[in-house]
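Only one chain is given next, in structure tokens, and it is the form predicted on its own.
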Amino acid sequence: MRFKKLLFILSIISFVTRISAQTWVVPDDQKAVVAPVKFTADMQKQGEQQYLKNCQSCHGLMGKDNWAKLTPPPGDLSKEKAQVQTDGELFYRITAGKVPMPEFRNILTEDDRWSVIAYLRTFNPKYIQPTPVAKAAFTGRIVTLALEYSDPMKKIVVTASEQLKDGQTGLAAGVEIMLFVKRYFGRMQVGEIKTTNAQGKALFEFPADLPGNKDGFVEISAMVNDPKSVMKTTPANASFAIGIKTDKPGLTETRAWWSTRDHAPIWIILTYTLSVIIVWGFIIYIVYSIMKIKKLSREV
């Protein structure tokens, strides 16, 4: 009976794991993203090479239905399930990845990712490329982030700006942003990495169950995901009253994490004291034994 119950529980866990693995929601703002350039024959050839090098091992050869046996199944990207997705959806999935698929944001350049999509579209005779939208010029020099909370949208808004060649400041599109909330021990990432839109903005949902201080304030910070893409970045830090009001003493104000001896747990104090007594007792015993041996050797 117990064995059957265990099998039932394991089957439920496996089912839930498969369902969650197959759930891959693409943000609405990413679905509408289009390629910045027109797909060309050269671009499609380059995409084929990138596909064979980075994608074929899991997705198999296009049109051959010979993908790897993984959970969830990678599938053949020439089929309708992949081809009905927008270019933005495909680009987001390639960029962000989801287990077991790796993130390709740091493996393939943005141009390489678009070339892969250009190659995939050669297997869809009904595909018509949307009008390319050139990204706002990103100088790759100095990026500054700013934080604000939009109460109407109930979202945290990160705005990226950059210094242009003429000394002016412009909005920076296409910058990958990471959002963090301060916790007792370090920082906790909030949501997934977002990419700034044409207005230089990235929107983040804030978890409704995260605790703040007694007034509900939480400390938020934003930073660029790939600092190598810029010469210098200025992260943003701000505090917003969007957390659950939590009136708890700080760790240094209790014995949970001590800053002085008075705050240290009793068992730590006793253990430390006893350890010191044992160590010094052992040292004294050794010294006494040495002196006793010397005295005996003299008598002999």
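Values in this document were obtained by computation on a predicted structure and should not be read as measured data. All residue numbers refer to positions in the sequence shown, first residue = 1.
There is another form of the same protein, the form predicted together with a small molecule; it is not shown, and what comes next is about it.
Though the partner is left out of this view, residue 81 does reach within 4.5 Å of the small molecule in the predicted complex, counting heavy atoms only.
Although the partner is absent from this view, residue 242 stays clear of the small molecule in the predicted complex, with no non-hydrogen atom inside 4.5 angstroms. Shown alone here, residue 98 lies within 4.5 Å of the small molecule in the predicted complex, counting heavy atoms only. The closest heavy atom approach of residue 233 to the small molecule in the predicted complex falls outside 4.5 Å. Scanning 40, 246, 271, 57 against the small molecule in the predicted complex with a 4.5 Å heavy atom cut-off leaves one residue, 57. Checked against the small molecule in the predicted complex, the candidates 170, 191, 211, 73 yield a single residue with a heavy atom inside 4.5 Å, and that residue is 73. Only one listed stretch (126-134, 147-155, 86-94, 170-178) carries heavy atoms within 4.5 Å of the small molecule in the predicted complex, and that stretch is 86-94.
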